[in-house]
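We begin with a single chain expressed as structure tokens, specifically the form predicted on its own.
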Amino acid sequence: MTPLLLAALGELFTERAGIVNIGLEGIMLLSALAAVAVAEAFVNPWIGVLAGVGMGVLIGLIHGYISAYFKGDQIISGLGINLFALGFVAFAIEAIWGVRGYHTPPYEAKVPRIPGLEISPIFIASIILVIVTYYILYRTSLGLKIRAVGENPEAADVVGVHVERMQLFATVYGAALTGLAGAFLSIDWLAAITKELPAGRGFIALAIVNFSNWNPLLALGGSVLFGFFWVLGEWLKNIGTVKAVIPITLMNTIPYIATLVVTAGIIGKSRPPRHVGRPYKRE
């Protein structure tokens, strides 16, 4: 649930400003690699988490400048992030650790659990970030400006809002949260880096944004729902009688099938920001 929630929160914040970033999968993968490499180098998981978030910020700056300032195609830019990550991370794992496609960091590089609760501090942070993101969007003047440029950038520009600056900020904030999701995968929950680590979670996060109708509180509910289907698939794999009847490869598709079914059920009922995905060009 945690990586889905963080990536979905970041994306809905970005889309509220009118920018689409479909490169969530690539951001998570590159951030996961940075988190493992830095955590191992410094033997400190928290520096690794910062490196993962920093990688997200860097990619958010690149995508934000391409989308907001250079008026580039946002879909092509997002695809480029995903394709670059797929090739680069596979190469980097072999170049850094001398193995192909899989590396497990040492215990000292893993994020410790909260004493007494035995849960991840990043999980707690993700819940707090839901409240923070909701508060920024609906209770601050910054949030009002971000929503304004996503709905009607011409009107926002007329009243003095710097459209490109708001869009760049939203894109960087969203990518930073997605970077935190990548760090969570590699040095916390799964404690490993592979060349396909996100395994489609970035695309499911995009579906959660639609499911939540661009509301952070509903994104929390959507992440719990889609996370349940993910865990359900993993649980069924461990039941002998089920494995004897249904191939494991077919059970791996459960979260994706659930995503298609749920998303198909809400098509036409959710309303995206009016100007999302379209570059704003001042007349």
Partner chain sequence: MFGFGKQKKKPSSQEEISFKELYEKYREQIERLIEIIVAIIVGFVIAGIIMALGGYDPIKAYSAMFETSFSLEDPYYLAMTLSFATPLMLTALTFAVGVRAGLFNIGAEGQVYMGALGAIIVASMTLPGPLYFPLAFLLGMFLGSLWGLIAGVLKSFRKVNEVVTTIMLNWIAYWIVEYARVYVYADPERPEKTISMPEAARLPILVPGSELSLAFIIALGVVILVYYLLWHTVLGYEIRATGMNPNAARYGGIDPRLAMLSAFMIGGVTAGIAGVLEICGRPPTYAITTGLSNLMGLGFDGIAVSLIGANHPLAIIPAAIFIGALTSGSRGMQIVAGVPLEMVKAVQGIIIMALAVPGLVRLLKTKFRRGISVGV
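Numbering follows the first chain given and starts at 1. Treat the numbers as computed from the prediction; the structure is a model and nothing was measured.
The discussion below concerns the form predicted in complex with its partner chain, not included here.
S.K.: To verify the annotation, which of these, F123, F203, W189, Y138, has a non-hydrogen atom within 4.5 Å of its partner chain in the model of the complex?
M.R.: Only one option qualifies, and that one is F203.
S.K.: Sort through L79, L144, V161, V132 and report the residue having a heavy atom within 4.5 Å of its partner chain in the model of the complex.
M.R.: Flagged contact: L79.
S.K.: Evaluate F91 for contact with its partner chain in the model of the complex, applying a 4.5 angstroms cut-off between non-hydrogen atoms, and reply yes or no.
M.R.: Yes, F91 is a contact residue.
S.K.: Just checking whether G87 would be counted as a contact of its partner chain in the model of the complex - the rule being heavy atoms within 4.5 angstroms.
M.R.: The answer is yes: G87 has a heavy atom within 4.5 Å of its partner chain.
S.K.: I'd like to check something about W235: if you look in the model of the complex, is any of its heavy atoms closer than or equal to 4.5 Å to a heavy atom of its partner chain?
M.R.: No, no contact at 4.5 Å.
S.K.: Do T241 and its partner chain come within 4.5 Å of each other in the model of the complex, heavy atoms counted?
M.R.: T241 lies outside the contact set for its partner chain.
S.K.: Which among 93 to 101, 146 to 154, 161 to 169, 174 to 182 is in contact with its partner chain in the model of the complex, heavy atoms within 4.5 angstroms?
M.R.: Contact criterion met by 93 to 101 only.
S.K.: Considering only 6 to 29, what residues come within 4.5 Å of its partner chain in the model of the complex, judged by heavy atoms?
M.R.: Result: I22 alone.
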